[in-house]
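Just the one chain here, the form predicted on its own, laid out as structure tokens.
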């Protein structure tokens, strides 16, 4: 099979494209004929061996990639609930114990013509959801939906602040806040063009935090009240400003640390304003089923920055590292 893989950890130059042996499904697994796959920051970290994301199967070549959609080609022994020919999308979260295990990091991934995945992690796709759409869903919509809907229980009469609006999680969170919860949404991003793109996506207000004081602008927009919910996929850099932007009873969800692991916590605000701080890591396969239904109904849609053939994965790694994109990179697979 053709695949995107690394022979060592390193920069984008470590990304290879070539022939590897076809995998075979193990017990409870299916062999997937991949039609589309998407990229996430985790793929960059796995390639580089950073942030606890070294390839952990202990062997190179290591195939990158978690998010994918395709057609079930063969069932392994004991695989249930699927049939050959089913169109599916995959939840790349394999386990949370003892630490999160992800397809493409903890085991061989999906940036290939063929991939083996647990049958329990595959969700059937309706005909009106394309492989490209489906592949752009899991790693961004699962944490966004889990944080905003399941944990924060964002309501129609509330306001959400989404940090890093141009990221995959950010574009997903905007749509979940607006299209699913029906709430008001403020987006924070790093440039004027990204702020304009966020407004086109449906946010009520977009703040360029490189040009404006985030906390002050949020106070102005909310007439001094603050926001009810914060969704933060970036971590340290904007934590202080975003945490100070919450109104009493607010909920702050963290689902990533791309800007750093460590931030200060104002304990006085935490208890006096009765705030709740929580973390989410992806979400369940049953939640992915709910997300697919929402896409099928037109309530949400993945935002795709660029679609490239699998053979151009290295170029996607290079561009993604520059952080100038808005939305997801999707890799298509021929055949």
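Numbering follows the first chain given and starts at 1. Remember, predicted model here, so these are calculated numbers, not experimental data.
The form predicted together with a small molecule is left out here; the points below concern that form.
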Query raised in the report: Is it true that 167, 188 and 256 each have at least one non-hydrogen atom within 4.5 Å of the small molecule in the model of the complex?
Result: yes
**Report entry** Position in contact with the small molecule when the complex is considered in the model of the complex, options 239, 209, 252, 131, heavy atoms within 4.5 Å
**Finding:** 209
Requested in this report: Could you tell me which one of 112, 229, 117, 140 places a heavy atom within 4.5 Å of the small molecule in the model of the complex?
Outcome: 140
Query - Proximity of residue 305 to the small molecule in the model of the complex, heavy atoms at 4.5 Å - result: no
Query raised in the report: Is residue 35 close to the small molecule in the model of the complex, meaning a heavy atom pair under 4.5 Å apart or at it?
Result: no
**Report entry** Distance check, residue 62 to the small molecule in the model of the complex, heavy atom within 4.5 Å
**Finding:** no
Query raised in the report: Is residue 184 one of the residues lying within 4.5 Å of the small molecule in the model of the complex, judged by heavy atom distances?
Result: no
Query raised in the report: Since the chain is shown here on its own, which stretch among 36-44, 305-313, 22-30, 284-292 would lie within 4.5 Å of the small molecule in the model of the complex, judged by heavy atoms?
Result: 36-44
